[in-house]
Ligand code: NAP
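First, one chain by itself in structure tokens, the form predicted alone.
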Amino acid sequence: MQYTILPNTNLKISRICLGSMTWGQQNTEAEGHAQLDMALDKGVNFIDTAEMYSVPGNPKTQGSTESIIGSWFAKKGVRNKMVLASKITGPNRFFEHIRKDLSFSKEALDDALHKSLKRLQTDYLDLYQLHWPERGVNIFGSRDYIHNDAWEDTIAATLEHLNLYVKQGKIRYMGLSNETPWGAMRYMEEARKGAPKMVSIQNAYNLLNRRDEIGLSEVILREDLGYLPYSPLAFGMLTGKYLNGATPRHARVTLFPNYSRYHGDGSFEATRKYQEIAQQHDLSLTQMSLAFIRQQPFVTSTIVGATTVEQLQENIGSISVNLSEEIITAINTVHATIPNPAP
């Protein structure tokens, strides 16, 4: 395993982070524990979760993923060996079963954080993230930004509330998720005024969605922020398993057809071309896709998810794959022809 320091922290993290959002719905507790065991054995020391997991969002399974991680900590006694990240849900009318107040108010943060800590069976989080902004932004497959004048800027207040938990020892550092260049810089503006600094951004980033290279990558590098890409395999599209009309059993998009963000015509066309490159160089499409993300200069740790330990083993194994300039040039040639087919 390779390790790095999360910028502006003393956290030494593996360059592969274990994502967990399927545990509690697609995966059982035993399967989640098996993935955690394998990840730990392979040197992964970084786990990412959220209060809204498992996915899709469901009142019956909300919080189940954190509970599975918590029971594993209780069984293994390895909390001090792991860097643990979780998130508070942002405003969304589909998640009112979590909390009526889905803002980042002090009351909402109190509710979210303390319930997460209880489920995770820990008294602190290493990284606590805002799952998506309070304001409306073009994320989760939306290409175009629609401006909303009604949003009230609460960023300074949110940082003030979060800093209370830092002082109490309940969180060590704070981060962003599904954030834009403007949003990241707005938080940096507050940090320059003396507020605590957001140390990381977790966004979707993969061969079918490279839009964070435009604008946000410069912010990350110049502001010294950690970048934690999720969905590096585009909901499994970049494993090649959906090509040629395939609908594999138990796969996410087979089970939940509304998860079609990466299933447009452009995504299929680009994926076929990326698979050809991988085959020409005796690589699996999975490992080529993950290695490309890891080799980007602004990427800190890649969040990988899996529904089987076999998939997870291949994902973690990508840490030893290094793409040549020839392969990267071929990938970028496809990207130039079919740029960002799945924003």
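A residue's number is simply how far along the shown sequence it sits, counting from 1. Source: prediction; values computed, not measured.
Beyond what is shown, the protein has a form predicted in complex with this ligand; the following relates to that form.
At least one heavy atom of residue 21 is located within 4.5 Å of this ligand in the model of the complex.
Among heavy atoms of residue 241, some come within 4.5 Å of this ligand in the model of the complex. Remark: residue 286 counts among the residues lining this ligand in the model of the complex, judged by a heavy atom distance of 4.5 Å or less. Looking at residue 97, you'd find every heavy atom of it more than 4.5 angstroms from this ligand in the model of the complex.
Partner contact region in the model of the complex: 242-250, out of 145-153, 208-216, 188-196, 242-250, criterion any non-hydrogen atom within 4.5 Å of this ligand. Although the partner is absent from the chain shown here, none of 36, 79 and 127 has a heavy atom within 4.5 Å of this ligand in the model of the complex.
Of the candidates 234, 113, 83, 102, 234 is the one whose heavy atoms come within 4.5 Å of this ligand in the model of the complex; the others do not. 306 is the sole member of 299, 291, 278, 306 with a non-hydrogen atom lying within 4.5 angstroms of this ligand in the model of the complex. Applying a 4.5 Å heavy atom cutoff to this ligand in the model of the complex picks out 87 as the lone residue from 75-109.
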